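In C-alpha cells, one chain follows: the form predicted on its own.
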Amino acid sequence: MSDKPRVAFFDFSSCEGCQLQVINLEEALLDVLALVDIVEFREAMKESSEEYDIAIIEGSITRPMDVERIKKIRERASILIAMGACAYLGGIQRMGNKWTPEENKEEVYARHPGSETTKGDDNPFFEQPRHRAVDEIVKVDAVIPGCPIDSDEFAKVLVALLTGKKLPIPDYPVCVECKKNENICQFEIGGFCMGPVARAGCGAPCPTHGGECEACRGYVDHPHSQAHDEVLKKYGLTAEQIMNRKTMYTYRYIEEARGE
C-alpha cells in the first residue's frame, strides 16, 4: 500500500476543460504522480475509489443531488480544492440565476420541435435553477482560479499544499502583467477591460492577443485599494464601474452585493 496522498477528481456542472488542462501537463504529470496516487479521474482512467485524501472539484453546484454529493465528498476528503472558475465562482452558467427557471426553459427550449417533452416540470434537469460555487456549500481549502486553469499553476498549488508552503496565487491585478508584456491598454484603443480589478497569474493572454480581460480568475481580494489606481484615474473610472460592467464570470459578486 502506497503512503502517498490519494487524489480524486470530481466534476459537476462544467465543460471539464480544467481536467483536460491537468492531462495537458503531459511529462510534468509524471512529477505530480511521484508525489500522489490518483485514485479517481474520469477523464483519464476507469478506476474509481471512495477512499481519498484530496478531492479536486471542477464545476458549479446546481441541483439538490449535487449538494448532497459534494457534502459526501467533503466528508471523505482531508483537503478539498475548487478547480477553475465554475467551482470557484459559479461559472458562466451562473448568469442563468438572473432569470426564473420558467424563463430559462422558455428561452432555451421553446423554439425547438419536441421541446414540450423537455420542458416538463417533472424533468429532474430543472430541479434546481441556481448555480453556486463549491465554497457556498462546503468548506474549501484551496482554489485554483481560471477558465481554464493554468496547468503549471495547478502543479504548483498541489505541491504547495503537500509541502505546507504558501499557495502561489497572486493578489495583484492583471494590469501588472499587461505592463510586463508591454501591451497597449484596451482602454487606449476604445475597448473595455476587467484588468484593473481582475486577479493576475494568467500572464494576461487575452489582452496580449487583442482581447479584453473578463476576470475569469475572479477579483483581487480588495479591488477598491488594490486595483490599478493609475489606470482608473487616467480613464476616469472607479473600481465599481469596472466590476459592474461585465458579468460573464463574475455574477457571483453581484449576487453577494445584493445579498442574494
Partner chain sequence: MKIISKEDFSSFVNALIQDDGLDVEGVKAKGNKFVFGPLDSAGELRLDYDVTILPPKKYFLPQYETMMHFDISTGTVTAPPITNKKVIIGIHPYDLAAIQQMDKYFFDTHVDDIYLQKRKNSILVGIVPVNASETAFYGDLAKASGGPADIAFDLMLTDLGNNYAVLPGSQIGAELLAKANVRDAQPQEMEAVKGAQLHAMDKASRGLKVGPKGWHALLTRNYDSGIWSEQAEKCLSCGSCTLVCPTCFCYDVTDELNLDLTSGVRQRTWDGCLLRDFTKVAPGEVFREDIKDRYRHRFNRKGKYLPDALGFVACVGCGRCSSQCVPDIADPLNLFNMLSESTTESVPDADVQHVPEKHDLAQTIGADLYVPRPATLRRVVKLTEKETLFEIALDDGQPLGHQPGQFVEVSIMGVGEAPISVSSAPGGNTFQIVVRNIGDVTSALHAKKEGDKIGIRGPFGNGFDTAVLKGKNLLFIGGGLGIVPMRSLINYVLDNRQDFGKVMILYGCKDPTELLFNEEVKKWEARDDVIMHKTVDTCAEGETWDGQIGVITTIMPLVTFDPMNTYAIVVGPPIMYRFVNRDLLSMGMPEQNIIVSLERRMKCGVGKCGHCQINGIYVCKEGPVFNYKDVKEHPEAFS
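Residue numbers count along the first chain shown, from 1. Note that the coordinates shown come from a computational prediction; the quantities given were computed from them, not determined experimentally.
Absent from the display: the form predicted together with the partner chain. The rest refers to it.
Listed residues Lys180, Lys72, Lys98, Lys139 were compared with the partner chain in the model of the complex; Lys180 is the one with a heavy atom within 4.5 Å.
A heavy atom within 4.5 Å of the partner chain in the model of the complex is found for one listed residue only; from Cys216, Val39, Ala55, Val231, this is Val231.
You can rule out all but one of 171-179, 102-110, 84-92, 141-149: in the model of the complex, only 171-179 has residues with a heavy atom within 4.5 Å of the partner chain. In the model of the complex, the partner chain lies farther than 4.5 Å from every heavy atom of Val67.
Proximity of Ala227 to the partner chain in the model of the complex: non-hydrogen atoms within 4.5 Å are present.
Residue contact check for Gly59: none of its heavy atoms lie within 4.5 Å of the partner chain in the model of the complex.
For Ile79, no non-hydrogen atom is located within 4.5 Å of the partner chain in the model of the complex, even though that partner is not displayed. Taking the partner chain as it sits in the model of the complex, the stretch 26-49 comes within 4.5 angstroms of it through a non-hydrogen atom at Ala28, Asp31, Val32, Leu35. Between the C-alpha atoms of Tyr235 and Tyr172, a gap widened by no less than 3 Å is obtained in the model of the complex, as opposed to the form on display. Relative to the displayed conformation, the Cα-Cα distance from Cys193 to Asp229 shrinks by 3 Å or more in the model of the complex.
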